[in-house]
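Form predicted on its own, single chain, as structure tokens, below.
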């Protein structure tokens, strides 16, 4: 009599599939390696100050875009996107891609620069 190979069944197959992957990707990057002071410098270097005002940047103080003085307390980015690190990092690099019709341009920056800018913006709260 021939031996039959054991079958996994549906629950066994599910367990194997789960073991084969390490879960969903983390979509909320941490800012643990971000440099807030470098982020502050980058808002000047990348031209953000031409349109926005910041509490610790005395000049220039742009008026085209909103003041970002209390950005860390805002619930939304651009009035429509959740103010979360990963969303903010993508937004500061390419706002038109995330909010079509926005006046904010795409700004070339590395992942680390976006992380630094996001960390700087998120710590801006009333003093």
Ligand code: HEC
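Numbering follows the first chain given and starts at 1. As the structure is a prediction and not an experimental result, all values here were calculated from the model.
Quick note: we don't show the form predicted in complex with this ligand, though the next part is all about it.
J.: Hey, in the model of the complex, is residue 40 touching this ligand, heavy atoms inside 4.5 Å?
T.: No, residue 40 sits far enough from this ligand in the model of the complex that none of its heavy atoms falls within 4.5 Å.
J.: Is there a heavy atom of residue 74 no more than 4.5 Å from a heavy atom of this ligand in the model of the complex?
T.: Residue 74: yes, in contact with this ligand in the model of the complex.
J.: Does this ligand come within 4.5 Å of any heavy atom of residue 78 in the model of the complex?
T.: Although this ligand is absent here, residue 78 would touch it in the model of the complex, with heavy atoms inside 4.5 Å.
J.: Quick one: does residue 60 come within 4.5 Å of this ligand in the model of the complex, counting heavy atoms only?
T.: No, residue 60 sits far enough from this ligand in the model of the complex that none of its heavy atoms falls within 4.5 Å.
J.: Going through 89-117 from first to last, which residues have a non-hydrogen atom within 4.5 Å of this ligand in the model of the complex?
T.: Going through 89-117 in order - heavy atoms within 4.5 Å of this ligand in the model of the complex - the hits are 91, 92, 99, 102, 103, 104, 105, 107, 109, 117.
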